[in-house]
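Presented as structure tokens, the chain that follows is alone, the form predicted alone.
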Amino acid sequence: MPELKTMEYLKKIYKKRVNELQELRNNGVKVIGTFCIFVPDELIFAAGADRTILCGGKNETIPLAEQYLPRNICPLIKSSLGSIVNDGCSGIDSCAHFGLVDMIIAENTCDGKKKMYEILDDFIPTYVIDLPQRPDTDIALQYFLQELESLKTELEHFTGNEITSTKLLDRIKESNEIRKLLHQLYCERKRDPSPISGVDVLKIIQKQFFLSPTEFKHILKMVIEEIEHIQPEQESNTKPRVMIAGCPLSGGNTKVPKIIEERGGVIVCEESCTGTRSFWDLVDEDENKDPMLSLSQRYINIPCSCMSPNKKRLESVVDLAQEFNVDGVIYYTLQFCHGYNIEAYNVQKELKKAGIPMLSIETDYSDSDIEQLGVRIDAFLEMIS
């Protein structure tokens, strides 16, 4: 696959965004940190604030977190807390934007996270929204709507700005524009061969919640224009088409996708929070409807493994695998992520019915298992070729 100019541009954007966030704070704009796609960006922006995602994908900050947290919990949770509590210790590679947030809005997707937030609140004000675990009921929708109404009130108080229906609807339309561009990018990946590597797409998606909406839209338009002009290879593609499903691949975490593509596969879709779940469904833009209700209906339907029963996710995995014409699915879970680990059984059962092979792997952020993963992925790619 050709080198994309967009990727070079992306490498330079981090420092620019850090400086932008610092300037915004100096001018009195509140910067909100989030961990999860269940927190609606639209509310944050409608309150006149900016936001950056804080999910950690770096191994270097985990030892700091283990001063507060047990070792046998998800590395994403430890990496996230470690980045917040980092006090500039020598040799620790952290993220500059973690120190630029005025408040964190979190969510109780799993037990490890919600208990970590109790510690996190000692370091930075943390507001937690509650999630109903059975999203397919009217009671759950009403409960989640109430939670978002409470969040709206909290944001208005924190920023001093009123969130009007007009402001919120404008932000909904802006977010939907980004979702449509992401759909367009993913549609290009249905081509055979795919014009862009999965690792490059992941790096772009990982920036989705760090950059401003304006900058992210600019990057998406750049990469779409580039790959639209890539001519298909003369010979038919022989690389097996792979979909990754499971845990999010947070910023700094590209280990498994790199192994897959270095070993000869090509990733054409990601069923994850750093993939289709973040943009697949749009928010209803009906101007005659309460935009808070529209937000609630869209966000409660995100098929996270914290939901039970989780029929929508099982259907989504199979549908995406078929839509992107994949040869196999690599089910990726982080150590001690019980929700996704346990749900792997039902996902594999549904994929088997559809005749789609699946490889289940469990890993962390360290490099200790790279060779072992490589051997297993090699065998899987050979099987599905």
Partner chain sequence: MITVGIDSGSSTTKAVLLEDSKQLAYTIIPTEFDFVKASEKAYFDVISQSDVQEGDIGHVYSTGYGRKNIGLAERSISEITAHALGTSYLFPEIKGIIDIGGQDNKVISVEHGKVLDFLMNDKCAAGTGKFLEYTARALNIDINDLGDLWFMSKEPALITSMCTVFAESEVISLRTQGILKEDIAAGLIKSIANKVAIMAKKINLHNSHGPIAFVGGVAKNRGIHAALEQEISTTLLIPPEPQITGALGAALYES
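Just so it is clear, the model here is predicted, and its values are computed rather than measured. Residue numbers count along the first chain shown, from 1.
Beyond what is shown, the protein has a form predicted in complex with its partner chain; the following relates to that form.
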Original post:
Looking at the partner-bound form in the model of the complex, is Lys353 within 4.5 Å of its partner chain by any heavy atom?
Top reply: no
**OP:** Look up in the model of the complex whether Arg263 has a non-hydrogen atom within 4.5 angstroms of its partner chain, and give yes or no.
**Re:** yes
Subject >> Glu23: touches its partner chain in the model of the complex, heavy atom cutoff 4.5 angstroms >> reply: no
Original post:
Is there a heavy atom of Asn19 no more than 4.5 Å from a heavy atom of its partner chain in the model of the complex?
Top reply: no
**OP:** Look at the candidate spot formed by Asn108, Asp122 and Glu149 and say whether its partner chain comes within 4.5 Å of a heavy atom in all three of them in the model of the complex.
**Re:** no
Original post:
Which of 321 to 329, 57 to 65, 345 to 353, 32 to 40 has heavy atoms within 4.5 Å of its partner chain in the model of the complex?
Top reply: 345 to 353
Original post:
So which bits of 265 to 298 sit within 4.5 Å of its partner chain in the model of the complex, heavy atoms only?
Top reply: none
